[in-house]
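Okay, so here's just one chain, in C-alpha coordinates, the form predicted alone.
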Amino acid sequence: MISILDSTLREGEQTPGVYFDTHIKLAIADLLSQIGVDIIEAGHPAVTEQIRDAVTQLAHRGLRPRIGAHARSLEADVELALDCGVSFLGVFYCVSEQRLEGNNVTLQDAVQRISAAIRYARTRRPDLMIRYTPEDAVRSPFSNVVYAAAEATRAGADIISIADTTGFLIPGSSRNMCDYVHNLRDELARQNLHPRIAVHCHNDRGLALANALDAYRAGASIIDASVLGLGERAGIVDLGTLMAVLRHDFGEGEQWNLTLLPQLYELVSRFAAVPIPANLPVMGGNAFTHCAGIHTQAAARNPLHYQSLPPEFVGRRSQIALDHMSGLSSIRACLNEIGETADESIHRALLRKVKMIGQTGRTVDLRELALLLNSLRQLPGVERDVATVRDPPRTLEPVP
(Lines give C-alpha, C1' and ligand atoms only; values in the text may rest on other atoms or scores of the structure.)
Protein backbone atom coordinates (compact mmCIF):
# COMPACT_ATOMS: atom_id res chain seq x y z
CA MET A 1 0.00 0.00 0.00
CA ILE A 2 1.34 3.40 -0.98
CA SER A 3 1.47 6.38 1.39
CA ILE A 4 1.25 9.97 0.17
CA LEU A 5 3.29 12.71 1.80
CA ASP A 6 2.03 16.16 0.91
CA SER A 7 4.69 18.88 1.04
CA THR A 8 2.64 21.88 -0.09
CA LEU A 9 3.26 23.64 3.23
CA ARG A 10 7.01 22.94 3.24
CA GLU A 11 8.37 22.41 -0.28
CA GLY A 12 5.52 24.52 -1.65
CA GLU A 13 6.63 27.53 0.35
CA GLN A 14 10.02 27.26 -1.33
CA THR A 15 8.31 28.46 -4.51
CA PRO A 16 9.46 32.07 -4.98
CA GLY A 17 6.86 34.45 -3.57
CA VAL A 18 4.66 31.78 -1.97
CA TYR A 19 3.75 32.06 1.71
CA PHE A 20 0.63 30.81 3.47
CA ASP A 21 -0.65 32.53 6.61
CA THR A 22 -1.32 30.15 9.48
CA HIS A 23 -5.11 30.17 9.07
CA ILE A 24 -4.66 29.22 5.40
CA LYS A 25 -2.25 26.43 6.33
CA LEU A 26 -4.85 25.05 8.73
CA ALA A 27 -7.51 25.11 6.00
CA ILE A 28 -5.17 23.40 3.51
CA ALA A 29 -4.26 20.74 6.06
CA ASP A 30 -7.93 20.11 6.87
CA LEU A 31 -8.66 19.43 3.19
CA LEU A 32 -5.56 17.25 2.79
CA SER A 33 -6.74 15.21 5.77
CA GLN A 34 -10.22 14.78 4.29
CA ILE A 35 -8.78 13.79 0.92
CA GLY A 36 -6.73 11.10 2.62
CA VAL A 37 -3.02 11.91 2.47
CA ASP A 38 -0.96 10.07 5.08
CA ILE A 39 1.66 12.65 6.06
CA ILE A 40 1.52 16.44 5.94
CA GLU A 41 4.97 17.99 5.92
CA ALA A 42 4.11 21.24 7.67
CA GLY A 43 7.36 23.18 7.46
CA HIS A 44 10.87 23.77 8.77
CA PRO A 45 10.48 25.22 12.29
CA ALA A 46 14.02 26.64 12.36
CA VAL A 47 13.29 29.01 9.45
CA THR A 48 10.92 31.50 11.12
CA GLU A 49 8.90 31.87 14.28
CA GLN A 50 5.72 32.02 12.18
CA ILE A 51 6.47 28.65 10.58
CA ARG A 52 7.22 27.19 13.99
CA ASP A 53 3.88 28.46 15.32
CA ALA A 54 2.00 27.03 12.33
CA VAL A 55 3.68 23.62 12.69
CA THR A 56 2.77 23.59 16.38
CA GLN A 57 -0.88 24.43 15.69
CA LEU A 58 -1.10 21.76 13.01
CA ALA A 59 0.53 19.16 15.24
CA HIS A 60 -2.13 19.77 17.91
CA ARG A 61 -5.10 19.95 15.53
CA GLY A 62 -6.00 16.28 15.88
CA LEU A 63 -5.90 15.52 12.16
CA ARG A 64 -5.72 11.94 10.89
CA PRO A 65 -2.43 12.31 8.93
CA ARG A 66 0.89 12.49 10.70
CA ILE A 67 2.11 16.08 10.91
CA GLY A 68 5.77 16.39 10.01
CA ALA A 69 8.59 18.86 10.36
CA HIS A 70 11.78 19.33 8.37
CA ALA A 71 15.15 19.61 10.12
CA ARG A 72 18.82 19.78 9.31
CA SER A 73 20.95 17.08 10.92
CA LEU A 74 21.50 19.31 13.94
CA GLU A 75 20.34 18.69 17.48
CA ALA A 76 19.06 22.27 17.72
CA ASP A 77 16.87 21.86 14.62
CA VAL A 78 15.58 18.52 15.84
CA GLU A 79 14.74 19.95 19.24
CA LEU A 80 12.78 22.83 17.71
CA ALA A 81 10.81 20.38 15.58
CA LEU A 82 10.04 18.03 18.45
CA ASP A 83 8.98 20.92 20.66
CA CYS A 84 6.24 21.59 18.09
CA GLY A 85 4.72 18.21 18.91
CA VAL A 86 5.08 16.63 15.46
CA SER A 87 4.69 12.88 14.91
CA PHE A 88 6.97 12.80 11.84
CA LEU A 89 10.50 14.17 11.50
CA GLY A 90 12.51 14.48 8.31
CA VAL A 91 16.24 15.10 8.64
CA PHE A 92 18.51 15.65 5.66
CA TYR A 93 22.19 15.85 4.83
CA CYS A 94 23.87 15.70 1.43
CA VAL A 95 26.67 13.14 1.02
CA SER A 96 27.85 14.05 -2.48
CA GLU A 97 31.60 14.50 -2.74
CA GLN A 98 31.26 18.09 -3.94
CA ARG A 99 29.03 19.12 -1.04
CA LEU A 100 31.18 17.33 1.52
CA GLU A 101 34.31 19.00 0.20
CA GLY A 102 32.55 22.36 0.04
CA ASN A 103 31.54 22.01 3.69
CA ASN A 104 35.03 20.75 4.63
CA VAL A 105 33.44 17.61 6.12
CA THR A 106 34.45 13.97 5.66
CA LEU A 107 31.86 11.34 4.86
CA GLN A 108 32.46 9.74 8.27
CA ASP A 109 31.89 13.07 10.04
CA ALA A 110 28.72 13.65 8.06
CA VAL A 111 27.34 10.22 8.88
CA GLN A 112 28.16 10.70 12.56
CA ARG A 113 26.22 13.99 12.50
CA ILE A 114 23.24 12.34 10.78
CA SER A 115 23.22 9.41 13.19
CA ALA A 116 23.56 11.64 16.24
CA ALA A 117 20.57 13.78 15.20
CA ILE A 118 18.44 10.69 14.61
CA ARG A 119 19.46 9.03 17.88
CA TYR A 120 18.64 12.23 19.76
CA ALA A 121 15.19 12.36 18.16
CA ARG A 122 14.56 8.67 18.83
CA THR A 123 15.61 9.00 22.47
CA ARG A 124 13.30 11.95 23.03
CA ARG A 125 10.36 10.46 21.13
CA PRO A 126 10.37 6.66 20.83
CA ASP A 127 7.06 6.75 18.90
CA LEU A 128 8.29 9.28 16.34
CA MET A 129 8.40 8.38 12.62
CA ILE A 130 11.83 9.45 11.37
CA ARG A 131 12.97 9.89 7.78
CA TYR A 132 16.52 10.46 6.61
CA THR A 133 17.05 12.08 3.20
CA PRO A 134 20.47 12.07 1.54
CA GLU A 135 19.82 15.26 -0.40
CA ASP A 136 20.71 14.99 -4.10
CA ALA A 137 21.01 11.25 -3.53
CA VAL A 138 20.89 10.22 -7.18
CA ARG A 139 23.92 12.35 -8.13
CA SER A 140 25.93 11.30 -5.09
CA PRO A 141 28.26 8.27 -5.06
CA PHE A 142 25.98 5.28 -4.49
CA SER A 143 28.35 3.87 -1.88
CA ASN A 144 28.07 7.12 0.12
CA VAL A 145 24.27 6.95 0.01
CA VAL A 146 24.23 3.30 1.11
CA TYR A 147 26.64 4.00 3.97
CA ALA A 148 24.66 7.02 5.21
CA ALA A 149 21.32 5.27 4.80
CA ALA A 150 22.51 2.17 6.64
CA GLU A 151 23.89 4.13 9.59
CA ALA A 152 20.78 6.33 9.70
CA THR A 153 18.62 3.20 9.86
CA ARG A 154 20.74 1.73 12.63
CA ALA A 155 20.41 5.01 14.53
CA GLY A 156 16.62 4.76 14.37
CA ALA A 157 15.38 6.06 11.01
CA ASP A 158 12.21 4.34 9.76
CA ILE A 159 12.38 5.76 6.25
CA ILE A 160 15.10 6.48 3.73
CA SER A 161 14.03 9.00 1.11
CA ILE A 162 15.64 8.99 -2.33
CA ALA A 163 15.86 12.64 -3.35
CA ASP A 164 16.08 13.43 -7.05
CA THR A 165 16.79 17.01 -6.03
CA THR A 166 17.46 18.33 -9.53
CA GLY A 167 15.12 16.15 -11.61
CA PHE A 168 18.15 14.25 -12.93
CA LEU A 169 16.66 10.79 -13.49
CA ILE A 170 15.13 9.69 -16.79
CA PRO A 171 12.90 6.61 -17.08
CA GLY A 172 14.22 4.00 -19.48
CA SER A 173 17.76 5.38 -19.39
CA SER A 174 20.79 4.11 -17.52
CA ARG A 175 19.90 6.51 -14.71
CA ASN A 176 16.36 5.60 -13.74
CA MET A 177 14.45 5.61 -10.47
CA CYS A 178 13.22 2.04 -10.76
CA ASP A 179 16.75 0.61 -10.73
CA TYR A 180 17.83 3.04 -8.03
CA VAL A 181 15.09 1.93 -5.64
CA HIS A 182 15.79 -1.75 -6.32
CA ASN A 183 19.52 -1.31 -5.83
CA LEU A 184 19.22 0.65 -2.59
CA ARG A 185 16.73 -1.79 -1.11
CA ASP A 186 18.95 -4.72 -2.04
CA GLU A 187 22.10 -3.16 -0.57
CA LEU A 188 20.35 -2.37 2.70
CA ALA A 189 18.75 -5.82 2.85
CA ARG A 190 22.21 -7.39 2.58
CA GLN A 191 22.91 -5.66 5.88
CA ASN A 192 19.60 -6.95 7.28
CA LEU A 193 18.16 -3.42 7.18
CA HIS A 194 14.65 -2.90 5.86
CA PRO A 195 13.55 0.74 6.13
CA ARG A 196 10.62 2.03 4.12
CA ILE A 197 11.72 3.73 0.91
CA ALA A 198 10.33 7.14 0.01
CA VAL A 199 10.98 9.27 -3.07
CA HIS A 200 11.10 13.02 -3.55
CA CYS A 201 11.10 13.77 -7.29
CA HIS A 202 11.72 17.22 -8.75
CA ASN A 203 10.29 18.20 -12.11
CA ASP A 204 13.20 20.02 -13.78
CA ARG A 205 12.92 17.81 -16.89
CA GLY A 206 9.15 17.35 -16.63
CA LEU A 207 9.60 13.75 -15.47
CA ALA A 208 8.72 13.95 -11.77
CA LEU A 209 5.49 11.95 -12.08
CA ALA A 210 7.10 9.36 -14.36
CA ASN A 211 9.97 8.93 -11.90
CA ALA A 212 7.56 8.65 -8.96
CA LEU A 213 5.62 5.90 -10.76
CA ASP A 214 8.93 4.17 -11.57
CA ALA A 215 9.66 4.23 -7.83
CA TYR A 216 6.21 2.86 -7.03
CA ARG A 217 6.74 0.01 -9.48
CA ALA A 218 10.05 -0.79 -7.75
CA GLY A 219 8.45 -0.98 -4.31
CA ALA A 220 8.81 2.51 -2.83
CA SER A 221 6.06 2.94 -0.26
CA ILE A 222 5.98 6.74 0.21
CA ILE A 223 5.78 9.39 -2.52
CA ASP A 224 6.14 13.13 -1.91
CA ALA A 225 3.89 15.53 -3.80
CA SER A 226 2.43 19.03 -3.57
CA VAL A 227 -0.63 20.87 -4.82
CA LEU A 228 0.12 22.35 -8.27
CA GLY A 229 3.53 20.69 -8.02
CA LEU A 230 4.73 23.73 -6.07
CA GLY A 231 8.35 23.75 -4.97
CA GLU A 232 11.88 24.82 -5.83
CA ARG A 233 12.42 25.73 -9.50
CA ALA A 234 10.01 23.57 -11.56
CA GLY A 235 8.58 22.02 -8.41
CA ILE A 236 7.84 18.39 -7.57
CA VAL A 237 5.15 15.81 -8.37
CA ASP A 238 1.66 17.28 -8.68
CA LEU A 239 -0.55 15.82 -5.94
CA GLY A 240 -3.81 15.63 -7.89
CA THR A 241 -2.28 13.95 -10.92
CA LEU A 242 -0.38 11.44 -8.79
CA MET A 243 -3.39 10.44 -6.69
CA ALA A 244 -5.69 10.21 -9.71
CA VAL A 245 -3.32 7.89 -11.56
CA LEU A 246 -2.60 5.73 -8.51
CA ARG A 247 -6.31 5.40 -7.77
CA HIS A 248 -7.59 4.89 -11.30
CA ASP A 249 -4.76 2.88 -12.85
CA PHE A 250 -3.16 1.03 -9.92
CA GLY A 251 -6.11 0.50 -7.58
CA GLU A 252 -4.51 2.38 -4.69
CA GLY A 253 -6.31 4.63 -2.24
CA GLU A 254 -9.82 3.21 -2.01
CA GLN A 255 -10.24 5.45 1.05
CA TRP A 256 -9.23 8.64 -0.78
CA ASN A 257 -11.88 11.29 -1.40
CA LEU A 258 -10.59 12.82 -4.61
CA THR A 259 -13.78 14.79 -5.21
CA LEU A 260 -12.35 17.40 -2.81
CA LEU A 261 -9.34 18.07 -5.05
CA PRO A 262 -10.97 21.01 -6.91
CA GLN A 263 -11.69 22.75 -3.59
CA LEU A 264 -8.11 22.17 -2.44
CA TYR A 265 -6.61 23.46 -5.69
CA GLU A 266 -8.77 26.59 -5.70
CA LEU A 267 -7.70 27.34 -2.12
CA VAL A 268 -3.98 26.83 -2.72
CA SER A 269 -4.04 28.67 -6.05
CA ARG A 270 -5.77 31.70 -4.54
CA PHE A 271 -3.48 32.12 -1.56
CA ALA A 272 -0.28 31.12 -3.35
CA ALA A 273 -1.21 33.59 -6.11
CA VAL A 274 -0.31 30.86 -8.60
CA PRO A 275 -2.96 30.27 -11.30
CA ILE A 276 -4.01 26.71 -12.05
CA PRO A 277 -2.62 26.13 -15.57
CA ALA A 278 -5.46 25.50 -18.01
CA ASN A 279 -3.65 22.47 -19.42
CA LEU A 280 -2.69 20.96 -16.04
CA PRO A 281 -3.65 17.26 -16.07
CA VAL A 282 -6.68 16.36 -13.92
CA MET A 283 -7.15 19.76 -12.25
CA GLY A 284 -6.61 22.17 -15.16
CA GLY A 285 -9.58 24.01 -16.62
CA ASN A 286 -9.14 22.26 -19.97
CA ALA A 287 -8.47 18.76 -18.57
CA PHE A 288 -12.01 17.57 -19.34
CA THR A 289 -12.99 20.23 -21.89
CA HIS A 290 -13.69 19.28 -25.50
CA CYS A 291 -13.29 21.80 -28.29
CA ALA A 292 -13.08 20.54 -31.89
CA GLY A 293 -16.42 19.75 -33.48
CA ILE A 294 -15.72 16.09 -34.24
CA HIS A 295 -14.28 15.64 -30.75
CA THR A 296 -17.38 17.08 -29.08
CA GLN A 297 -19.71 15.09 -31.30
CA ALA A 298 -17.98 11.84 -30.35
CA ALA A 299 -17.63 12.81 -26.68
CA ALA A 300 -21.33 13.63 -26.48
CA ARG A 301 -22.09 10.05 -27.47
CA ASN A 302 -19.43 8.53 -25.22
CA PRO A 303 -16.96 10.70 -23.23
CA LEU A 304 -14.43 7.84 -23.19
CA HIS A 305 -13.82 8.42 -26.91
CA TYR A 306 -11.68 11.39 -25.85
CA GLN A 307 -11.17 10.88 -22.11
CA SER A 308 -9.11 8.23 -20.35
CA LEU A 309 -10.09 9.36 -16.84
CA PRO A 310 -13.66 9.81 -15.59
CA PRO A 311 -13.92 13.42 -14.37
CA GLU A 312 -16.49 12.61 -11.69
CA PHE A 313 -14.11 10.71 -9.43
CA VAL A 314 -11.94 13.82 -9.08
CA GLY A 315 -14.89 16.17 -8.61
CA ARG A 316 -14.88 17.45 -12.18
CA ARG A 317 -17.29 17.29 -15.12
CA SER A 318 -16.90 17.20 -18.88
CA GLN A 319 -17.38 20.51 -20.66
CA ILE A 320 -17.59 21.82 -24.20
CA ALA A 321 -15.67 24.91 -25.29
CA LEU A 322 -17.43 27.05 -27.89
CA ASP A 323 -15.07 28.84 -30.28
CA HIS A 324 -13.93 28.82 -33.90
CA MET A 325 -13.38 25.03 -33.75
CA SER A 326 -16.99 24.27 -32.78
CA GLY A 327 -19.54 22.38 -34.84
CA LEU A 328 -23.32 22.07 -34.73
CA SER A 329 -23.08 19.20 -32.27
CA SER A 330 -21.36 21.56 -29.81
CA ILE A 331 -24.13 24.15 -30.20
CA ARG A 332 -26.85 21.56 -29.67
CA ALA A 333 -25.13 20.05 -26.62
CA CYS A 334 -24.65 23.45 -24.98
CA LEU A 335 -28.23 24.52 -25.71
CA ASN A 336 -29.40 21.30 -24.12
CA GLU A 337 -27.24 22.04 -21.06
CA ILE A 338 -28.96 25.39 -20.51
CA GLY A 339 -32.37 23.88 -21.17
CA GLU A 340 -33.02 25.64 -24.48
CA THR A 341 -34.31 24.36 -27.81
CA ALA A 342 -34.24 26.11 -31.18
CA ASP A 343 -34.80 25.35 -34.84
CA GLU A 344 -32.03 24.51 -37.31
CA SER A 345 -31.71 28.06 -38.61
CA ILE A 346 -31.04 29.31 -35.08
CA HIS A 347 -28.43 26.55 -34.59
CA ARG A 348 -26.59 27.62 -37.71
CA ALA A 349 -26.81 31.31 -36.88
CA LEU A 350 -25.45 30.63 -33.40
CA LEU A 351 -22.59 28.61 -34.84
CA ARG A 352 -21.60 31.45 -37.17
CA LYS A 353 -21.64 33.91 -34.26
CA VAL A 354 -19.61 31.54 -32.07
CA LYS A 355 -17.00 31.02 -34.80
CA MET A 356 -16.65 34.76 -35.33
CA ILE A 357 -16.12 35.32 -31.61
CA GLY A 358 -13.71 32.38 -31.45
CA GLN A 359 -11.54 33.95 -34.13
CA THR A 360 -10.94 36.87 -31.77
CA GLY A 361 -9.19 34.50 -29.37
CA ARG A 362 -11.85 33.86 -26.76
CA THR A 363 -14.51 31.26 -26.05
CA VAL A 364 -18.26 31.65 -25.58
CA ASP A 365 -19.51 30.42 -22.20
CA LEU A 366 -23.03 29.21 -21.50
CA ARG A 367 -24.19 32.58 -20.22
CA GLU A 368 -23.06 34.34 -23.39
CA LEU A 369 -24.61 31.59 -25.50
CA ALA A 370 -27.96 32.34 -23.87
CA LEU A 371 -27.53 36.04 -24.70
CA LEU A 372 -26.68 35.22 -28.32
CA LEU A 373 -29.70 32.96 -28.53
CA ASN A 374 -31.97 35.69 -27.17
CA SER A 375 -30.61 38.25 -29.64
CA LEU A 376 -31.16 35.94 -32.62
CA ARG A 377 -34.69 35.13 -31.56
CA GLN A 378 -35.50 38.83 -31.69
CA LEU A 379 -34.40 39.12 -35.34
CA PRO A 380 -37.15 38.96 -37.99
CA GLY A 381 -37.15 35.63 -39.81
CA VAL A 382 -35.86 37.10 -43.07
CA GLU A 383 -32.86 38.71 -41.32
CA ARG A 384 -32.12 35.46 -39.57
CA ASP A 385 -32.17 33.68 -42.90
CA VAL A 386 -29.69 36.22 -44.31
CA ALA A 387 -27.46 35.64 -41.27
CA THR A 388 -27.33 31.93 -42.05
CA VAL A 389 -27.38 32.02 -45.86
CA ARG A 390 -23.98 30.31 -46.01
CA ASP A 391 -23.25 27.19 -44.04
CA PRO A 392 -20.37 27.67 -41.64
CA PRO A 393 -17.11 26.09 -42.74
CA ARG A 394 -16.82 22.46 -41.82
CA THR A 395 -14.72 21.83 -38.72
CA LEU A 396 -12.13 19.12 -39.26
CA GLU A 397 -10.73 17.06 -36.48
CA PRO A 398 -7.15 18.16 -35.75
CA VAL A 399 -4.36 15.64 -35.94
CA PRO A 400 -4.05 14.00 -32.47
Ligand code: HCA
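Just so we're clear, the structure is a prediction, and the values are computed from it rather than from any experiment. A residue's number is simply how far along the shown sequence it sits, counting from 1.
The next section is about a form of this same protein that is not shown, the form predicted in complex with 3-hydroxy-3-carboxy-adipic acid (HCA).
The contact with 3-hydroxy-3-carboxy-adipic acid (HCA) in the predicted complex, taken as any heavy atom within 4.5 Å, belongs to 133 out of 73, 133, 330, 226. Between the options 146, 246, 218, 163, the residue in contact with 3-hydroxy-3-carboxy-adipic acid (HCA) in the predicted complex by a heavy atom within 4.5 angstroms is 163. 3-hydroxy-3-carboxy-adipic acid (HCA) is not shown here, and in the predicted complex it never comes within 4.5 Å of any heavy atom of residue 168. When contacts are judged by a 4.5 Å heavy atom cut-off, residue 15 does not count as touching 3-hydroxy-3-carboxy-adipic acid (HCA) in the predicted complex. Using a 4.5 Å cutoff between non-hydrogen atoms, residue 290 does not count as a contact of 3-hydroxy-3-carboxy-adipic acid (HCA) in the predicted complex.
Though the partner is left out of this view, residue 10 does reach within 4.5 Å of 3-hydroxy-3-carboxy-adipic acid (HCA) in the predicted complex, counting heavy atoms only. The partner is not drawn, yet in the predicted complex one stretch among 317-325, 195-203, 280-288, 209-217 has residues with heavy atoms inside 4.5 Å of 3-hydroxy-3-carboxy-adipic acid (HCA): 195-203.
Of all the residues from 84-99, the single one having a non-hydrogen atom no more than 4.5 Å from 3-hydroxy-3-carboxy-adipic acid (HCA) in the predicted complex is 92.
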